[in-house]
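What follows is a single chain, given as structure tokens, in the form predicted on its own.
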């Protein structure tokens, strides 16, 4: 380092959403000195579900039981989709490595390797997904077998109604009962919040009190579903204790974001990624970046004025779309905010959206993003890689509509994995 405010790394990850976190993990696991910059608030909006591929084609709303078969069809139909640039074995390896990290962080996930599973949402709808937190898994199995089930909601907690969920699911899961309770020691409160309840349930004493409140309602139920409050750092203990106390397996239903499921992911990364050697600058903003004479990128960091300088051999741009501020839309066009890279987009703003807001095909703006080569390097206006060691990952990439295709987490993990692999290969 040239001075006390300049730090040198192999790779800088810009972005702290799912793609950024995964990229940082994969880079650190390969022995790369890694720094990650950006605000960590975005991942709090994650549902906790890890989608691989749920729907294709989106205009037909075709749902896939086997996501791997679905990806095969997707890649044939949309050859520029990011999945088409990644071998299936690498997508599988990305999930295995990511889930192993979460397991070690005390946040275990479950899946069936070759098929998606159905989960219920807080709206009472059914969602097709690939991996779910262990806290949700008993609900997956209960739904498959249509076991008699008790759904419990909590007085003072807004946006979650057991009665509404049961009514919406009546046609597919008729044997549902509901109950409404006070969370222990909140009887005097007009409003309660999931994060506070989850942290309270990390205490065995609070779990005993909740068991005493819910147990009389269980009766013949063979499963008990509740909003996502089953602890923050000791979820396995909470599930085991509540299941034993209720006399029936328990499961969570993720709530509207920002939810406990997203907070758990955020805290798992923030607490464990530094143990991997990653320097996490969680509120850092890239003010400017240029390519130095020594072939290192030079990034000036700070809030409004430069506070430190980072030098990195390579960069993985995982800054997201509009919410993550990786893309910005003005009155005329969409631009990439850090390097001013070309963004594939409709030629005119009037073509960004279709006339029907609920058009089954989605809106063209949803597929706007960066063009890349097979090494996941963003292309410049001439169609060549903008820089030898600049890569992109996640939702900033073009030709995908992750929300409607139900492939957001898979896209993040797989492209982060591919970008890191390409960096390692090109540095040899």
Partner chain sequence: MASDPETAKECREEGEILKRVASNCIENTGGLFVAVEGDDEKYAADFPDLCSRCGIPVRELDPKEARELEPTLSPKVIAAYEVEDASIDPFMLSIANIDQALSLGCFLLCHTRVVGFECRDRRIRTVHLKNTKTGEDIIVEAEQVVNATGAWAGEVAALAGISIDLLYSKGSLLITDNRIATRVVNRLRPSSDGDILVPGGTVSLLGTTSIRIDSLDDIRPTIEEMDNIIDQCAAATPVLKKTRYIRAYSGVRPLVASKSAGDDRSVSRSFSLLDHVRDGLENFVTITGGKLSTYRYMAEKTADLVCTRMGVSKPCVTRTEPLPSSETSRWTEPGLAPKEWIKKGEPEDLILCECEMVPRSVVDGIVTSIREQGGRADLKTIGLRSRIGKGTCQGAFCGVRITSYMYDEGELHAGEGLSDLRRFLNERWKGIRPILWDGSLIQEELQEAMHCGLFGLEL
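What you see is a predicted model, and the numbers here were worked out from it, not measured in a lab. Positions refer to the first chain, counted from 1.
What follows is about the form predicted together with its partner chain, which we do not show.
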Check: Of the listed stretches (199-207, 269-277, 316-324, 297-305), which one has a non-hydrogen atom within 4.5 Å of its partner chain in the model of the complex?
Finding: 316-324
Item checked: Single option in 96, 104, 90, 191 placed near its partner chain in the model of the complex, where near means a heavy atom within 4.5 Å -> 191
Notebook entry, point to check: Which listed residue (219, 76, 291, 328) meets the criterion of a heavy atom within 4.5 Å of its partner chain in the model of the complex?
Noted result: 328
Check: Wondering, does residue 125 line up within 4.5 Å of its partner chain in the model of the complex on heavy atoms?
Finding: yes
Check: residue 168: heavy atom within 4.5 Å of its partner chain in the model of the complex?
Finding: yes
Check: Looking in the model of the complex, any heavy atom of residue 356 within 4.5 Å of its partner chain?
Finding: yes
Note to self: Is residue 256 near its partner chain? Define near as a heavy atom within 4.5 Å, in the model of the complex.
What the structure shows: yes
Item checked: Non-hydrogen atom within 4.5 angstroms of its partner chain in the model of the complex for each of 49, 153 and 161 -> yes
Note to self: Using a 4.5 Å heavy atom cutoff, which residues in 356-370 contact its partner chain in the model of the complex? It's fine if the answer is none.
What the structure shows: 356, 357, 358, 360, 363, 365, 366
